[in-house]
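This document opens with one chain alone, in structure tokens, the form predicted alone.
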Amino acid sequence: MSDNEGTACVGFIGLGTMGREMARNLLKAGFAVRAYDVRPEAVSELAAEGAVAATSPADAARGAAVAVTMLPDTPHVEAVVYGEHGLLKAPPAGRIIVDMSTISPVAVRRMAADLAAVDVAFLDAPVSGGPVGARNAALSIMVGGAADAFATAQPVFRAMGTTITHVGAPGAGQAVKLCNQLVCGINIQAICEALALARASGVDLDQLRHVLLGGSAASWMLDRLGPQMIAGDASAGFRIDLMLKDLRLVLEQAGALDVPLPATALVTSQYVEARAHGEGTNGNQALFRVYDRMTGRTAG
């Protein structure tokens, strides 16, 4: 694929909160986009902005230089690859598939091997930056797979992200993303605990956040999610359900490799508690409500 993006077609499969914004940025960058989602209304919305509506994953990939998937979990990606109208039977013309979901590294390696057997390159390219990063084409993209396929897909990545790194063989992108989610989850938990302790101590939480942001405790999560935690705003961004799925993948990978992750196990149990209390579709910052319930106090 040349840098003349206006001549290239990308098949895009998965138009959820993240995928919709990523596909829009491909359109803005001059790519032709063939879009598919299981929800027809999502496809119609993007078609109104210039995409071509596709009726299946195979149809989305038809004539495309690259096919991109952005889906909730491992089984969804496997269905798109192996299904009746999937990409194994009907790969994109450019014979590169880029999965930008967060899924199992083991599944990635299996799909990469099966696709390589029919001369199709599979890049696992999960992202970090959330809905805001997706909207602003400012995602961090960590990519596993063949170096030549990574180089060919660079124009596609540049339309969606700003930090684009080839991190190794198939599955390496997912391994790096799981490390990212481990840090994010524990960081959110630490912020919740600091807010809970400060609240019980009678400290103004806005002032606490201001002080912490000025020192070594500063973090992206404290900056972006701290105000919502303090205000008691659980509105959806990156959902509790998705973070719990990611943390379970972290523990699955750690278990397979005999790596103890006690802090990750603890925060995962708190995400389970949050979902058990109906928080699954709320934003990641809704973890603070676990501390509301444990302390008997509420935010705000």
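If you're wondering where the values come from, they're calculated on a predicted model, not measured in any experiment. Quick note: we count residues from 1 along the sequence shown, nothing fancier.
Omitted here: the form predicted in complex with nicotinamide-adenine-dinucleotide. The next part is about that form.
The partner is not drawn, yet in the predicted complex one stretch among 230-238, 44-52, 59-67, 257-265 has residues with heavy atoms inside 4.5 Å of nicotinamide-adenine-dinucleotide: 230-238. When contacts are judged by a 4.5 Å heavy atom cut-off, Gly168 does not count as touching nicotinamide-adenine-dinucleotide in the predicted complex. Not displayed here, nicotinamide-adenine-dinucleotide is approached by Pro131 to within 4.5 Å at the level of heavy atoms in the predicted complex. Within this chain, Lys245 lines the site of nicotinamide-adenine-dinucleotide in the predicted complex, having a heavy atom no more than 4.5 Å away. Contact check for Thr102: a heavy atom falls within 4.5 Å of nicotinamide-adenine-dinucleotide in the predicted complex. Looking at nicotinamide-adenine-dinucleotide in the predicted complex, residues Ile191, Arg199 and Thr295 place no heavy atom within 4.5 Å of it. Taking a 4.5 Å heavy atom cutoff to nicotinamide-adenine-dinucleotide in the predicted complex, the one contacting residue in 162-199 is Lys177.
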